[in-house]
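Taking the form predicted alone, here's one chain by itself in C-alpha coordinates.
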(Lines give C-alpha, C1' and ligand atoms only; values in the text may rest on other atoms or scores of the structure.)
Protein backbone atom coordinates (compact mmCIF):
# COMPACT_ATOMS: atom_id res chain seq x y z
CA UNK A 1 0.00 0.00 0.00
CA UNK A 2 1.52 3.39 -0.95
CA UNK A 3 1.82 6.08 1.74
CA UNK A 4 -1.21 8.40 1.90
CA UNK A 5 -1.06 11.63 -0.03
CA UNK A 6 -1.72 14.93 1.64
CA UNK A 7 -2.03 18.59 0.68
CA UNK A 8 1.28 19.98 -0.45
CA UNK A 9 3.11 16.64 -0.31
CA UNK A 10 6.39 16.37 1.59
CA UNK A 11 6.64 15.23 5.20
CA UNK A 12 3.78 13.54 7.03
CA UNK A 13 4.90 15.05 10.37
CA UNK A 14 6.74 18.38 10.53
CA UNK A 15 7.89 20.04 13.74
CA UNK A 16 9.91 23.26 13.62
CA UNK A 17 11.38 24.88 16.74
CA UNK A 18 8.61 23.57 19.02
CA UNK A 19 8.56 25.03 22.51
CA UNK A 20 6.11 24.21 25.28
CA UNK A 21 6.29 25.98 28.63
CA UNK A 22 4.24 25.09 31.70
CA UNK A 23 3.56 27.60 34.43
CA UNK A 24 3.39 26.19 37.94
CA UNK A 25 3.96 27.41 41.49
CA UNK A 26 6.28 26.32 44.29
CA UNK A 27 6.64 27.02 47.97
CA UNK A 28 4.54 26.11 51.00
CA UNK A 29 3.80 29.45 52.65
CA UNK A 30 5.02 32.03 50.13
CA UNK A 31 4.19 30.55 46.74
CA UNK A 32 5.69 31.94 43.56
CA UNK A 33 5.24 31.13 39.90
CA UNK A 34 7.81 29.13 37.98
CA UNK A 35 7.97 28.53 34.22
CA UNK A 36 9.10 25.04 33.21
CA UNK A 37 10.23 24.41 29.64
CA UNK A 38 9.15 20.85 28.81
CA UNK A 39 10.15 21.16 25.14
CA UNK A 40 12.87 23.59 24.07
CA UNK A 41 13.23 24.22 20.34
CA UNK A 42 12.53 20.71 19.08
CA UNK A 43 12.50 20.06 15.32
CA UNK A 44 11.89 16.84 13.43
CA UNK A 45 10.56 15.61 10.10
CA UNK A 46 8.93 12.23 9.43
CA UNK A 47 8.24 11.23 5.80
CA UNK A 48 5.08 9.31 4.86
CA UNK A 49 5.18 5.61 5.68
CA UNK A 50 8.10 5.77 8.13
CA UNK A 51 8.23 4.20 11.60
CA UNK A 52 10.05 6.87 13.62
CA UNK A 53 11.14 6.42 17.22
CA UNK A 54 11.43 9.26 19.75
CA UNK A 55 13.65 8.04 22.58
CA UNK A 56 14.31 9.65 25.91
CA UNK A 57 14.16 9.25 29.69
CA UNK A 58 11.11 10.10 31.75
CA UNK A 59 10.57 13.85 31.81
CA UNK A 60 12.53 14.45 28.59
CA UNK A 61 9.52 15.90 26.73
CA UNK A 62 8.34 12.88 24.69
CA UNK A 63 4.71 12.86 25.87
CA UNK A 64 4.44 16.65 25.68
CA UNK A 65 5.57 16.51 22.04
CA UNK A 66 3.05 13.77 21.23
CA UNK A 67 0.21 15.71 22.89
CA UNK A 68 1.01 18.82 20.87
CA UNK A 69 1.01 16.72 17.68
CA UNK A 70 -2.36 15.25 18.66
CA UNK A 71 -3.83 18.75 19.33
CA UNK A 72 -4.26 17.97 23.04
CA UNK A 73 -1.83 20.77 23.99
CA UNK A 74 -1.15 24.09 22.31
CA UNK A 75 2.49 24.87 21.54
CA UNK A 76 3.97 27.90 23.29
CA UNK A 77 5.78 28.66 20.02
CA UNK A 78 6.94 26.94 16.88
CA UNK A 79 5.19 25.29 13.93
CA UNK A 80 3.67 21.80 13.98
CA UNK A 81 1.96 20.18 10.99
CA UNK A 82 0.48 16.73 10.39
CA UNK A 83 -0.17 15.82 6.74
CA UNK A 84 0.16 19.50 5.90
CA UNK A 85 -2.41 20.65 8.47
CA UNK A 86 -1.37 23.07 11.21
CA UNK A 87 -2.25 21.71 14.66
CA UNK A 88 -3.24 25.18 15.93
CA UNK A 89 -5.19 26.52 12.95
CA UNK A 90 -6.65 23.22 11.71
CA UNK A 91 -7.09 20.93 14.74
CA UNK A 92 -10.21 19.18 13.41
CA UNK A 93 -8.48 18.31 10.13
CA UNK A 94 -5.54 16.90 12.10
CA UNK A 95 -7.76 14.79 14.38
CA UNK A 96 -9.47 13.17 11.42
CA UNK A 97 -6.09 11.96 10.14
CA UNK A 98 -4.49 10.60 13.31
CA UNK A 99 -4.80 7.79 15.82
CA UNK A 100 -3.38 8.12 19.34
CA UNK A 101 -2.43 5.07 21.42
CA UNK A 102 -0.87 5.46 24.85
CA UNK A 103 0.39 3.00 27.43
CA UNK A 104 -1.38 2.27 30.70
CA UNK A 105 -4.88 1.43 31.90
CA UNK A 106 -6.59 4.76 31.23
CA UNK A 107 -9.05 5.37 28.41
CA UNK A 108 -11.18 2.21 28.53
CA UNK A 109 -14.48 1.45 30.26
CA UNK A 110 -13.96 -1.56 32.51
CA UNK A 111 -17.62 -2.52 32.90
CA UNK A 112 -18.18 -2.66 29.16
CA UNK A 113 -17.05 -5.53 26.98
CA UNK A 114 -14.50 -5.02 24.21
CA UNK A 115 -17.06 -4.55 21.43
CA UNK A 116 -19.11 -2.01 23.38
CA UNK A 117 -15.93 -0.05 24.13
CA UNK A 118 -15.15 0.08 20.43
CA UNK A 119 -18.75 0.96 19.50
CA UNK A 120 -18.56 3.95 21.83
CA UNK A 121 -15.33 5.18 20.23
CA UNK A 122 -16.65 4.45 16.73
CA UNK A 123 -19.49 6.88 17.47
CA UNK A 124 -16.97 9.48 18.64
CA UNK A 125 -15.02 9.00 15.41
CA UNK A 126 -18.27 9.47 13.45
CA UNK A 127 -17.95 6.11 11.73
CA UNK A 128 -21.20 5.34 9.92
CA UNK A 129 -23.34 2.83 11.87
CA UNK A 130 -23.59 0.50 8.86
CA UNK A 131 -19.77 0.28 8.73
CA UNK A 132 -19.08 -0.07 12.44
CA UNK A 133 -19.62 -3.80 12.83
CA UNK A 134 -17.29 -4.72 9.96
CA UNK A 135 -14.62 -2.25 11.08
CA UNK A 136 -14.72 -3.48 14.69
CA UNK A 137 -14.32 -7.06 13.49
CA UNK A 138 -11.34 -6.03 11.34
CA UNK A 139 -9.45 -4.27 14.12
CA UNK A 140 -10.20 -7.01 16.66
CA UNK A 141 -8.72 -9.52 14.22
CA UNK A 142 -5.71 -7.29 13.59
CA UNK A 143 -4.82 -6.95 17.29
CA UNK A 144 -5.51 -10.61 18.10
CA UNK A 145 -8.64 -10.21 20.24
CA UNK A 146 -11.08 -12.22 18.16
CA UNK A 147 -13.02 -14.54 20.45
CA UNK A 148 -12.73 -12.14 23.43
CA UNK A 149 -15.19 -9.53 22.10
CA UNK A 150 -17.93 -10.15 24.67
CA UNK A 151 -15.69 -10.21 27.73
CA UNK A 152 -15.70 -7.27 30.12
CA UNK A 153 -12.53 -5.22 29.99
CA UNK A 154 -12.17 -5.42 33.79
CA UNK A 155 -11.07 -9.05 33.29
CA UNK A 156 -8.46 -8.24 30.65
CA UNK A 157 -4.74 -8.56 31.30
CA UNK A 158 -2.48 -5.54 30.81
CA UNK A 159 -1.40 -6.86 27.42
CA UNK A 160 -5.00 -7.41 26.29
CA UNK A 161 -5.93 -3.90 27.40
CA UNK A 162 -3.05 -2.50 25.37
CA UNK A 163 -4.20 -4.40 22.31
CA UNK A 164 -7.68 -2.96 22.81
CA UNK A 165 -6.09 0.51 22.98
CA UNK A 166 -4.51 -0.29 19.62
CA UNK A 167 -7.86 -1.35 18.19
CA UNK A 168 -9.46 1.88 19.39
CA UNK A 169 -6.78 4.01 17.74
CA UNK A 170 -7.19 2.13 14.45
CA UNK A 171 -10.99 2.23 14.19
CA UNK A 172 -11.17 5.13 11.74
CA UNK A 173 -8.19 3.83 9.73
CA UNK A 174 -5.99 6.94 10.17
CA UNK A 175 -2.91 7.38 7.95
CA UNK A 176 -0.81 8.72 10.87
CA UNK A 177 -0.45 6.97 14.22
CA UNK A 178 1.10 8.16 17.47
CA UNK A 179 2.14 5.53 20.00
CA UNK A 180 3.17 6.90 23.40
CA UNK A 181 5.13 4.15 25.22
CA UNK A 182 2.64 1.47 24.10
CA UNK A 183 4.43 -1.44 25.83
CA UNK A 184 5.03 0.18 29.21
CA UNK A 185 4.07 -2.21 32.01
CA UNK A 186 3.14 -4.99 29.58
CA UNK A 187 4.60 -8.48 30.11
CA UNK A 188 7.25 -9.64 27.58
CA UNK A 189 4.82 -11.78 25.56
CA UNK A 190 2.21 -9.00 25.36
CA UNK A 191 4.87 -6.42 24.50
CA UNK A 192 6.16 -8.58 21.67
CA UNK A 193 2.63 -8.90 20.29
CA UNK A 194 2.16 -5.11 20.43
CA UNK A 195 5.46 -4.59 18.58
CA UNK A 196 4.38 -7.08 15.92
CA UNK A 197 1.15 -5.16 15.33
CA UNK A 198 3.05 -1.85 15.12
CA UNK A 199 5.49 -3.34 12.60
CA UNK A 200 2.61 -4.71 10.49
CA UNK A 201 0.98 -1.28 10.43
CA UNK A 202 4.24 0.28 9.24
CA UNK A 203 4.54 -2.32 6.49
CA UNK A 204 0.96 -1.45 5.45
CA UNK A 205 2.07 2.15 4.79
CA UNK A 206 1.07 3.93 8.00
CA UNK A 207 3.22 6.79 9.26
CA UNK A 208 4.08 6.05 12.89
CA UNK A 209 5.73 8.13 15.60
CA UNK A 210 6.58 5.92 18.57
CA UNK A 211 7.91 7.14 21.92
CA UNK A 212 9.76 4.72 24.15
CA UNK A 213 12.63 4.41 26.57
CA UNK A 214 13.16 0.73 25.71
CA UNK A 215 16.22 0.74 23.50
CA UNK A 216 15.85 -2.81 22.18
CA UNK A 217 12.32 -1.88 21.08
CA UNK A 218 13.51 1.06 19.03
CA UNK A 219 16.44 -0.92 17.64
CA UNK A 220 14.23 -3.79 16.50
CA UNK A 221 11.33 -1.98 14.82
CA UNK A 222 12.16 1.70 14.10
CA UNK A 223 13.54 2.80 10.75
CA UNK A 224 14.83 6.08 12.18
CA UNK A 225 15.16 7.42 15.71
CA UNK A 226 15.76 10.69 17.53
CA UNK A 227 17.03 10.98 21.08
CA UNK A 228 15.44 13.71 23.19
CA UNK A 229 17.00 14.97 26.41
CA UNK A 230 15.80 17.91 28.52
CA UNK A 231 13.35 18.99 25.83
CA UNK A 232 15.88 18.99 22.97
CA UNK A 233 16.85 16.49 20.30
CA UNK A 234 20.49 15.59 20.85
CA UNK A 235 20.88 13.05 18.02
CA UNK A 236 18.95 11.63 15.07
CA UNK A 237 19.57 8.85 12.58
CA UNK A 238 19.01 5.17 11.94
CA UNK A 239 19.64 2.85 14.91
CA UNK A 240 22.82 1.68 13.18
CA UNK A 241 24.03 5.27 12.71
CA UNK A 242 23.52 6.03 16.40
CA UNK A 243 25.31 2.83 17.38
CA UNK A 244 28.22 3.73 15.11
CA UNK A 245 28.82 6.82 17.28
CA UNK A 246 29.98 4.53 20.10
CA UNK A 247 31.32 1.69 17.94
CA UNK A 248 34.91 2.69 18.68
CA UNK A 249 34.44 2.27 22.41
CA UNK A 250 34.89 -0.53 24.88
CA UNK A 251 31.97 -1.36 27.17
CA UNK A 252 32.67 -3.04 30.50
CA UNK A 253 29.90 -4.37 32.73
CA UNK A 254 30.57 -4.94 36.42
CA UNK A 255 28.02 -6.57 38.71
CA UNK A 256 28.87 -5.79 42.34
CA UNK A 257 27.35 -5.29 45.77
CA UNK A 258 27.47 -2.08 47.81
CA UNK A 259 29.84 0.05 45.72
CA UNK A 260 30.42 3.32 47.66
CA UNK A 261 29.61 6.60 45.93
CA UNK A 262 33.20 7.70 46.45
CA UNK A 263 34.42 4.67 44.46
CA UNK A 264 31.97 5.44 41.64
CA UNK A 265 33.45 8.92 41.47
CA UNK A 266 36.95 7.49 41.16
CA UNK A 267 35.85 5.17 38.32
CA UNK A 268 34.44 8.17 36.43
CA UNK A 269 37.82 9.88 36.75
CA UNK A 270 39.82 6.96 35.31
CA UNK A 271 41.78 7.81 32.17
CA UNK A 272 39.84 6.76 29.07
CA UNK A 273 36.44 6.46 30.79
CA UNK A 274 33.75 8.28 28.79
CA UNK A 275 30.68 7.51 30.94
CA UNK A 276 29.45 5.42 33.85
CA UNK A 277 25.85 4.29 34.30
CA UNK A 278 24.68 2.58 37.48
CA UNK A 279 21.60 0.34 37.52
CA UNK A 280 20.42 -0.58 41.02
CA UNK A 281 18.95 -4.07 41.10
CA UNK A 282 17.28 -5.90 43.99
CA UNK A 283 20.52 -6.37 45.91
CA UNK A 284 23.33 -5.68 43.47
CA UNK A 285 24.48 -2.83 41.24
CA UNK A 286 25.25 -3.11 37.53
CA UNK A 287 27.97 -0.68 36.48
CA UNK A 288 28.17 -0.02 32.73
CA UNK A 289 31.38 1.76 31.83
CA UNK A 290 32.06 3.17 28.36
CA UNK A 291 35.70 3.79 27.61
CA UNK A 292 37.91 4.65 24.67
CA UNK A 293 38.71 1.66 22.49
CA UNK A 294 41.74 -0.20 23.71
CA UNK A 295 41.54 1.15 27.25
CA UNK A 296 42.78 -1.52 29.67
CA UNK A 297 40.26 -1.09 32.46
CA UNK A 298 39.73 -4.44 34.14
CA UNK A 299 42.80 -4.43 36.37
CA UNK A 300 42.29 -0.80 37.39
CA UNK A 301 38.58 -1.39 38.10
CA UNK A 302 39.28 -4.39 40.29
CA UNK A 303 41.90 -2.38 42.16
CA UNK A 304 39.38 0.39 42.88
CA UNK A 305 36.76 -2.20 43.88
CA UNK A 306 39.04 -3.93 46.37
CA UNK A 307 36.97 -4.86 49.42
CA UNK A 308 33.71 -4.81 47.39
CA UNK A 309 32.02 -8.09 46.49
CA UNK A 310 32.26 -8.35 42.69
CA UNK A 311 30.05 -10.96 41.01
CA UNK A 312 31.29 -10.60 37.43
CA UNK A 313 33.26 -8.40 35.02
CA UNK A 314 32.58 -8.64 31.29
CA UNK A 315 33.50 -6.77 28.10
CA UNK A 316 30.96 -6.53 25.25
CA UNK A 317 30.15 -4.72 22.01
CA UNK A 318 28.37 -1.33 22.24
CA UNK A 319 24.58 -1.31 21.71
CA UNK A 320 21.96 1.33 20.92
CA UNK A 321 21.38 1.62 24.66
CA UNK A 322 25.04 2.54 25.14
CA UNK A 323 24.70 5.25 22.48
CA UNK A 324 21.54 6.48 24.19
CA UNK A 325 23.17 6.62 27.63
CA UNK A 326 26.13 8.53 26.18
CA UNK A 327 23.84 11.04 24.47
CA UNK A 328 21.46 11.74 27.36
CA UNK A 329 24.23 12.04 29.93
CA UNK A 330 26.14 14.50 27.76
CA UNK A 331 23.03 16.27 26.33
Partner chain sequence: MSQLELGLPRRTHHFLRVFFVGGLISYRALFYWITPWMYVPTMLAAPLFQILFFVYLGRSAGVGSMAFFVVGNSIQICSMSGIYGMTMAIANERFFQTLSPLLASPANRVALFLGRGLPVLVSGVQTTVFGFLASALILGFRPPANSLPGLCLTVVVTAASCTGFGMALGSFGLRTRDVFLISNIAYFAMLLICGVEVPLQRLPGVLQGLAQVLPLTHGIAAGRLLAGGGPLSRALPDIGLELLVGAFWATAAFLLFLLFEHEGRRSGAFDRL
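Source: prediction; values computed, not measured. Positions refer to the first chain, counted from 1.
Separately, the form predicted in complex with its partner chain exists; it is not shown, and the next lines address it.
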**OP:** Mind telling me which stretch in 211-219, 251-259, 173-181, 227-235 gets its heavy atoms within 4.5 Å of its partner chain in the predicted complex?
**Re:** 173-181
Original post:
Is residue 67 close enough to its partner chain in the predicted complex to count, meaning some heavy atom within 4.5 Å?
Top reply: yes
Original post:
According to a 4.5 angstroms non-hydrogen atom cut-off, is residue 185 in contact with its partner chain in the predicted complex?
Top reply: no
Original post:
Does residue 149 make contact with its partner chain in the predicted complex, using a 4.5 Å heavy atom cut-off?
Top reply: no
Original post:
Wondering, does residue 223 line up within 4.5 Å of its partner chain in the predicted complex on heavy atoms?
Top reply: no
Original post:
Would you say all of 20, 91 and 128 touch its partner chain in the predicted complex, counting a heavy atom within 4.5 Å as a touch?
Top reply: yes
Original post:
Of these, 87, 246, 198, 164, which has a heavy atom no more than 4.5 Å from its partner chain in the predicted complex?
Top reply: 87
Original post:
Which residue among 80, 108, 160, 191 has a heavy atom within 4.5 angstroms of its partner chain in the predicted complex?
Top reply: 108
**OP:** Just give me the residues of 116-152, first to last, that have a heavy atom within 4.5 Å of its partner chain in the predicted complex.
**Re:** 116, 119, 120, 121, 123, 124, 125, 126, 127, 128, 129, 132, 135
